[in-house]
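The form predicted alone is given below as one chain in structure tokens.
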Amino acid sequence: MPVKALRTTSTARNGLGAFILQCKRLDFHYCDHWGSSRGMNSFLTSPLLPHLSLTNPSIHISISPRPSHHPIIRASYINGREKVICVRNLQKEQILKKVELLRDAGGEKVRRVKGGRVVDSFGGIGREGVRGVWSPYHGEGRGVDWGRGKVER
């Protein structure tokens, strides 16, 4: 009786082996005449945009005029969703932060966390937890084993 091998396929897991940016396209829309587009116009003419395109070759960047409207940045993601941020009256450094925010986002819809209020373990509501903050240096005066095979006291 012949033995048959099982056919296996690899499951893509982002971050294992290679990281794939979720953002695939950034569209910059601006107006030449409105004052709210001054920051966007200075961003587009500064060396920040060429540096952004050189450091992120997997993102397609397009620039188009949008007359009589506030400037926006539209990001398209590989899951088919889009996010739009209005950047009216922002400086070019602030626009760069918004671009990095869109680039690093996953494209998923923002969802409310189930289960009510989320409590931070380090005193998110102004108090420590009942047991306090854990550290390997607390308790019984023991040190940390740094790979020497013995516990320092």
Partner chain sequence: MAASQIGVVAGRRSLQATSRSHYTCPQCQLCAYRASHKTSSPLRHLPARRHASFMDSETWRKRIWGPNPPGPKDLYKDGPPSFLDQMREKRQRDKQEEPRDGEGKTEALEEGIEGNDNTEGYKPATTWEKLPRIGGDTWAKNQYVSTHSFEGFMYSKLESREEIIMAIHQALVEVFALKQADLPLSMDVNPTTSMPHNEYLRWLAEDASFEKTENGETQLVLGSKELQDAIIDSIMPKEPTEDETTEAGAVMEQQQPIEEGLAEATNLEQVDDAGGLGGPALATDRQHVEADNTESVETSEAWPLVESLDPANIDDDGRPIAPANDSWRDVPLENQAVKFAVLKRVMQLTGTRISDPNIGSITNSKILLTHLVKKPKPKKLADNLISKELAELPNVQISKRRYGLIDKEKEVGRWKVIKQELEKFGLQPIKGRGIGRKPVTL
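Numbering follows the first chain given and starts at 1. Note that the coordinates shown come from a computational prediction; the quantities given were computed from them, not determined experimentally.
As for the form predicted together with its partner chain, it is not shown, yet the points below apply to it.
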message: in the predicted bound form, does Ile61 come within 4.5 Å of its partner chain, counting heavy atoms only?
response: yes
query: For Leu44, is any heavy atom within 4.5 Å of its partner chain in the predicted bound form, or not?
result: yes
message: Since only the chain is shown here, I'm wondering whether Gln91 would be in contact with its partner chain in the predicted bound form (any heavy atom pair within 4.5 Å).
response: no
query: Should Leu102 be counted as a contact of its partner chain in the predicted bound form, where contact means heavy atoms within 4.5 Å?
result: no
query: For the stretch 49 to 76, which residues lie within 4.5 Å of its partner chain in the predicted bound form by non-hydrogen atom distance?
result: Leu49, Pro50, Ser53, Leu54, Asn56, Pro57, Ile59, His60, Ile61, Ser62, Ile63, Ser64, Pro65, Arg66, Pro67, His69
